[in-house]
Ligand code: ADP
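Just one chain is shown here, as structure tokens, and it is the form predicted on its own.
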């Protein structure tokens, strides 16, 4: 039997953006624990804006488990927050609202800035660096610096070690801005992986004295904001599809535009301006390979007879992937299939 360090991770009750929380429990197992072997655990919800002090107990229910190679016998345990009965989801538990289906696939493109001393890495103490242009997929110290690349590469390795389906990384359009991509079969699986990848990145940056800035528009002016584009498909979209179904889907997305924007991340009006590869927040459009549309249609989708995946470019970098996936699936479910 070995002692394993179980890091229970959850989302707190802060709004409009929940914070990641974590605490460690030590338990003995003969080998790396399976999900069904992990017990529920309690925490003080009055310290996380999830309960009152006079009745503060909340319950952590493990929903996903990952190896943590930064610790000897380390385990990352993603949890849902439950009420004291251990059965009823807490009102802040948005994962429980997802109408999950293993045939639903999501790919999230998480953009973010790395900050130190109150400014993005690579920004001078006063003023701004050279304008955007060479930074996207850039190479070389003047474009991406040194410690940023080191953080991003180490984060990639840690995610792969954890079994997260991390599909790629790149430097983004603004200096100090980066992106990683997560793909999952099953919407809960994809969203779990995004949250755990965020947790790993936040914790990694502690040793570099660097902060991760997820705000969608931390630098005002002619600098790209940060998004979390959501690529999605269902079994029906991939295997049947068709132009009529696609047009019905787009009509449903337009009808529910406000409900989508409400859960696509705070301050999105600062990012969705119609500039910097975005559509205005008060408009809904779709277009072939159009990065300025609300929904980008890949050429492969049209070439395959309106089958495949679509990209919703409106979610921003602070968005909760649980809420984003839940809203997309709710809208998709309103469209009848022939």
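Residue numbers count along the first chain shown, from 1. Only a predicted model underlies this, so the values are computations on that prediction, with no experimental measurement involved.
One more form of this protein should be noted, the form predicted in complex with the ligand, which is absent from this view; the next part is about it.
K.L.:
Looking at 68-76, 140-148, 258-266, 226-234, which stretch has residues with any non-hydrogen atom within 4.5 Å of the ligand in the predicted complex?
P.N.:
Of the options given, it is 226-234.
K.L.:
Is the gap between residue 106 and the ligand in the predicted complex 4.5 Å or less for some heavy atom pair?
P.N.:
The answer is yes: residue 106 has a heavy atom within 4.5 Å of the ligand.
K.L.:
Is there a non-hydrogen atom of residue 195 within 4.5 angstroms of a non-hydrogen atom of the ligand in the predicted complex?
P.N.:
Heavy-atom contact with the ligand at 4.5 Å: absent for residue 195.
K.L.:
Should residue 276 be counted as a contact of the ligand in the predicted complex, where contact means heavy atoms within 4.5 Å?
P.N.:
Taking the distances in the predicted complex, the answer for residue 276 is no, it never comes within 4.5 Å of the ligand.
K.L.:
Can residue 179 be called a contact residue for the ligand in the predicted complex at 4.5 Å between heavy atoms?
P.N.:
Yes, residue 179 is a contact residue.
K.L.:
Is it the case in the predicted complex that 183, 296 and 309 each bring at least one heavy atom within 4.5 Å of the ligand?
P.N.:
Result yes, every residue of the spot touches the ligand.
K.L.:
Exactly one residue in 222, 117, 167, 211 has a non-hydrogen atom within 4.5 Å of the ligand in the predicted complex; which is it?
P.N.:
Filtering the options by heavy-atom distance leaves 167.
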